[in-house]
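Let's start with one chain on its own, the form predicted alone, as structure tokens.
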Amino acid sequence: MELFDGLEHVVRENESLAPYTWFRLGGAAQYFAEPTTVDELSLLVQRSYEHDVPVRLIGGGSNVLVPDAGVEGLVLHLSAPAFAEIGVTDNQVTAGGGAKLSHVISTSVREGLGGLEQMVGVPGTVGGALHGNAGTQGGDIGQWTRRARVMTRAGEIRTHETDSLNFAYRRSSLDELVILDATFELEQGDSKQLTKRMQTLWIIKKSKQPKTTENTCAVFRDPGGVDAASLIEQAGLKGTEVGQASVSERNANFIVAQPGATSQSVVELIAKIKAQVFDRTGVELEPTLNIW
């Protein structure tokens, strides 16, 4: 592993990626790294850039499908505490890109800061949420974001302030390799009231999702004013199977990977859903699932 000389303590070869995804599917990464500091991360990225080695980042794994054959290059997993720190100053919360979004939400609510609680139940990390401008009907993470520190594919660190940040529905201008941390400007509120609101929203959210014991992911963006789950249900696709992958009976915008499922079966099921929804409703669904 000459490419990563001196970094053997954080780099592994042929690491199975299935355990790092909600689907629990897919093959191995050629190289897999869990850096413990920003300096180690920068060195890994720079080495890969210099040798034309492709680099991917995996966060909470809630919207990633890894191919059965695995992936070439380096996969980064920011699991170390250095990438998950959360700090509060006045009405601002700063969180590492590797921090779980749920932890940031609970911290802000505990500190009496409102805004992010409407996103309770949204899975994944802060970095992943910002890349895709995650949100709910109540709003998205972009509306609260005031600053983001990123690392480019060449290993350079840059800071984006409010005037250079752009957010749209499930999209953002933060397309660099890594989001190191971000600052959110929130609204002062009563911690007890915010907690009650968060708990109520959590109950509603979970009632509309598959069981937590299932290997499952949401698949499609909601197209303009109607939710994808309703369109899939209208097309009569609840319970539809390809191999051991099936459309959830509880929420049709989720695919469940049953025992024996493969990534290829999920890909084929997605294609089937898209085609039949378009044929029956005239709407072309766009996947939010990141298919590697």
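Owing to the predicted nature of the structure, the values given are computational and were not obtained by experimental measurement. We number the residues from 1 along the sequence you see.
One more form of this protein, predicted together with a small molecule, exists but is not displayed; see below.
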| Contact flag, S191 vs the small molecule in the predicted complex, heavy atom cut 4.5 Å | no
| Can any non-hydrogen atom of I157 be found within 4.5 angstroms of the small molecule in the predicted complex? | no
| field | Partner contact for L177 in the predicted complex: the small molecule, 4.5 angstroms, heavy atom | value | yes
| Heavy atoms within 4.5 Å of the small molecule in the predicted complex: does G135 have any? | yes
| field | Candidate stretches 216-224, 191-199, 159-167, 85-93 - the one whose heavy atoms come within 4.5 Å of the small molecule in the predicted complex | value | 216-224
| message | Just to be sure I understand the contacts: of S62, S248, S265, S48, which is the one whose heavy atoms reach within 4.5 angstroms of the small molecule in the predicted complex? | response | S62
